[in-house]
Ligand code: NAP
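Take a look at this single chain, the form predicted on its own, given in structure tokens.
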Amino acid sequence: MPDRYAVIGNPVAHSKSPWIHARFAVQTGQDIVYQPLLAPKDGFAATVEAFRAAGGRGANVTLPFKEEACAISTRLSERARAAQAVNTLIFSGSEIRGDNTDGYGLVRDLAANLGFAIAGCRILLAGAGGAARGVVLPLLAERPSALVIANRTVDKARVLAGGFAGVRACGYSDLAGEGFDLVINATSAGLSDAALPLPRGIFLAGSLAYDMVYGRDTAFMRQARADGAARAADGLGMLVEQAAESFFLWRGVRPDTAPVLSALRAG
């Protein structure tokens, strides 16, 4: 019998993860089945337990359950502890290991797919929710010269920044007069095609604007190009790279992401 994995969320039918992992499995010769699993908003833990009882070996977790996945994990990786959110569960006996591969996926996409070197650059991270929390530690590990977190609710940004040495928090209006090499939109604004209240002139020469939302040219990406960003990218590469890291955690084999990403881009 093939080993069983799933992506658990609500909603989840739109997820590209089953398609991605099916291609990883074929490429690496792994005998697995990966399915979307819809959990009731108040029934995530019960859904996980039922999947484990039916022989599930691991699961990805998407909105709105990443914090709850952290809470039910019996052991957390360092990056999951830093994020206080889990997107990858590994089942081993009675143990539920929780990890977060989102930050890895972002950093890998920037370096391998977009050719962007983080070391020494100035980074602005827009947003202070779960998506932002998942990427701070991996970004800092690449040794940027500065990491600033901006959010509409400044106190929320301060709480997030307070967990990491050398990270500054502020509101969007406080960014006037500053410049950044990399601006990452970790808010949900792209889902509603809303622009961010960023002051003009924050994109330095050669800068990259990166929206974690994928599959569309978002208002943030258009805003960035109009304000001088050299490039704008969506989060499709991050999706594929974080999936590859989850696959590696489960199977001990690292798939080649390039052909999978190319196929997704081709539609």
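Sequential numbering from 1, following the sequence displayed. None of the values given here were measured: they were computed from a predicted structure.
We do not show the form predicted together with the named molecule, though everything after this point is about it.
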| item | value |
| --- | --- |
| The named molecule contact at residue 153 in the predicted complex, heavy atom, 4.5 Å | yes |
| 4.5 Å heavy atom contact, residue 127 to the named molecule in the predicted complex | yes |
| Residue 63 within 4.5 Å of the named molecule in the predicted complex, heavy atoms | yes |
| The named molecule contact in the predicted complex: residue 191, any heavy atom under 4.5 Å | yes |
| Contacting member of 69, 59, 209, 238, with respect to the named molecule in the predicted complex [4.5 Å, heavy atom] | 238 |
| Position in contact with the named molecule when the complex is considered in the predicted complex, options 196, 147, 175, 161, heavy atoms within 4.5 Å | 196 |
| Contact stretch among 217-225, 238-246, 200-208, 37-45 - heavy atom within 4.5 Å of the named molecule in the predicted complex | 238-246 |
